[in-house]
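Take a look at this single chain in structure tokens; it is the form predicted on its own.
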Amino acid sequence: MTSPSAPVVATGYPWPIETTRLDNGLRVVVSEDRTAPVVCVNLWYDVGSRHEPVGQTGFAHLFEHLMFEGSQHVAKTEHMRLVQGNGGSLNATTNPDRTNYFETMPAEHLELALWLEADRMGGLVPALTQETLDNQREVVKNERRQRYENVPYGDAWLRLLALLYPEGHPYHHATIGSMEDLNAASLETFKAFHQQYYAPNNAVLTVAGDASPAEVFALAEKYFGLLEPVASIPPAPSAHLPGPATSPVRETVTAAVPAPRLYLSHRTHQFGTAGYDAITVLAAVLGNGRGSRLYQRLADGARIAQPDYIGSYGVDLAHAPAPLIITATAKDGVSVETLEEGLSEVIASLVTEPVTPEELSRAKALLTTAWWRQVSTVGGRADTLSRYATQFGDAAAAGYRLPQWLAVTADDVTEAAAYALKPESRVTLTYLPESNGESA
């Protein structure tokens, strides 16, 4: 184990942060907070849908399910029973960049949570059976139907990714993956995927809450220290793109939707850059809440968009220009052409009408509230530190995000809009209600 770092406290993260690295490569981050007798154990694996090779789409997400189905010393469903039975909560998520697993527990059960995570890191493959794999494949198929296929506008994200990123790009496909790929892969293929990526030297373990760094480092060494690193972890395919697209793309979907809806999207900057900080502030000015330009001009002013279905947001992807998504749903009697014209005018206004001091102040207040809400809980705090340790190599870099948002100027927002939101770089996804039983 390397010597623990000196405690770090940053402006946007006023709790101490200490880190170490085990001999097998596992990075361990601790943020002690004695406010309440609670801890969160959070593991980020540097594997998401962007790492999946051709023919293996959906693997990272399927493992999010399989990791709860038992490991070498933990029976099926036992992980969940042990955590919940001792007053804890747990979950996992997958996105294009990573997979995370986390438990929030009474501090007295910290050791239990660490043992459980270590056992499924090192002991999932021996416990993985064909029956378990087949069962979870069906669970994922059902999830796809429930979340994407059988709800209005549910497949928008799947369609947007394919339009924003070219064929072969690691962000071209969504985490849910291809059902054909999941069905075709053998048990041995899935085991090999786990053995490639779910290793101590491809993970960050963060503990936030009522535990000292010395205690956590000792327990991490006890339970994770003997796990073998992977000698050669396959790198993700190159995600390099020069920036915004150079020609517009359109897709129109006729489906069982209640009203016309538009999604306008642009590739912008990578998450973690100064350019993306400006895009984050821009998104708040443009489409966050009732005081935003979109709401004021299209929902409240022209009254062409439904008030509850209008807004803009960035998707924080870290390895290629991340998308800004702008969406609005037409009010009854409003054509999709009228709605698109209105959206385009408001987007263009970010260049022709400089952001006012009031707009900028409001956007920064919203972002400040969102940041402190995220890090106010041990769970949010642990996940944030895992993210910055994984994606930027330094958990303490999390403390700079809020100050960087607050440093964005009105001119920065104008420049970001002029760079990223050109009509010629726009993806336009249109949903139209089906008529005469037709769909596309």
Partner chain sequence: MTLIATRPDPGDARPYTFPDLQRVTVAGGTVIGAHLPGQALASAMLLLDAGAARESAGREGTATVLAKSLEEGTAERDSAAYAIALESLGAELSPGVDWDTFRVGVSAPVPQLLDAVRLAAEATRTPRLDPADVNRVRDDEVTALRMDWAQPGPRADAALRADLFGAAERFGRPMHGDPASVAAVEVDDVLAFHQAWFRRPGVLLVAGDLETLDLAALGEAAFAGTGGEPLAAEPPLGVPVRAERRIILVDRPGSVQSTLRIGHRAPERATPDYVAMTLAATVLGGAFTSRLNHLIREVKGYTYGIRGSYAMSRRFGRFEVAAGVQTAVTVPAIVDTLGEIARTEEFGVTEDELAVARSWRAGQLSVEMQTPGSIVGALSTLVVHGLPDDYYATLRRQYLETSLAEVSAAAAAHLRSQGLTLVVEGDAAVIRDELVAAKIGEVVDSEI
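Residue numbers count along the first chain shown, from 1. The model shown is predicted, which means the values in this text are computed figures rather than measured ones.
The same protein also has a form predicted together with its partner chain, omitted here; what follows describes it.
Chemist: Can you check whether Gly123 is within 4.5 Å of its partner chain in the predicted complex, heavy atom basis?
Modeler: Result yes; Gly123 sits at the interface with its partner chain in the predicted complex.
Chemist: Is Thr246 one of the residues lying within 4.5 Å of its partner chain in the predicted complex, judged by heavy atom distances?
Modeler: Thr246: no contact with its partner chain in the predicted complex.
Chemist: Does any heavy atom of Val38 come within 4.5 Å of a heavy atom of its partner chain in the predicted complex?
Modeler: Yes.
Chemist: Against its partner chain in the predicted complex, would Thr94 count as a contact residue? Criterion: heavy atoms within 4.5 Å.
Modeler: No - in the predicted complex, heavy atoms of Thr94 and its partner chain never come within 4.5 Å of each other.
Chemist: May I ask whether Ala417, Pro423 and Thr428 all come within 4.5 angstroms of its partner chain in the predicted complex, judged by heavy atoms?
Modeler: Answer is no for this spot.
Chemist: Looking at heavy atoms inside 4.5 Å, which stretch does its partner chain contact in the predicted complex, given the options 318 to 326, 304 to 312, 156 to 164, 334 to 342?
Modeler: Every other range fails; the passing one is 304 to 312.
Chemist: Just one of Thr252, Asn142, Thr189, Asn183 has a heavy atom within 4.5 Å of its partner chain in the predicted complex. Which one?
Modeler: So the residue touching its partner chain in the predicted complex, by this definition, is Asn142.
Chemist: Between Ile233, Leu350, Leu82, Leu133, only one gets a heavy atom within 4.5 angstroms of its partner chain in the predicted complex; which residue is that?
Modeler: Filtering the options by heavy-atom distance leaves Leu82.
Chemist: With its partner chain taken in the predicted complex, which residues across 200 to 222 come within 4.5 angstroms through any non-hydrogen atom?
Modeler: Residues within 4.5 Å: Asp210, Lys222.
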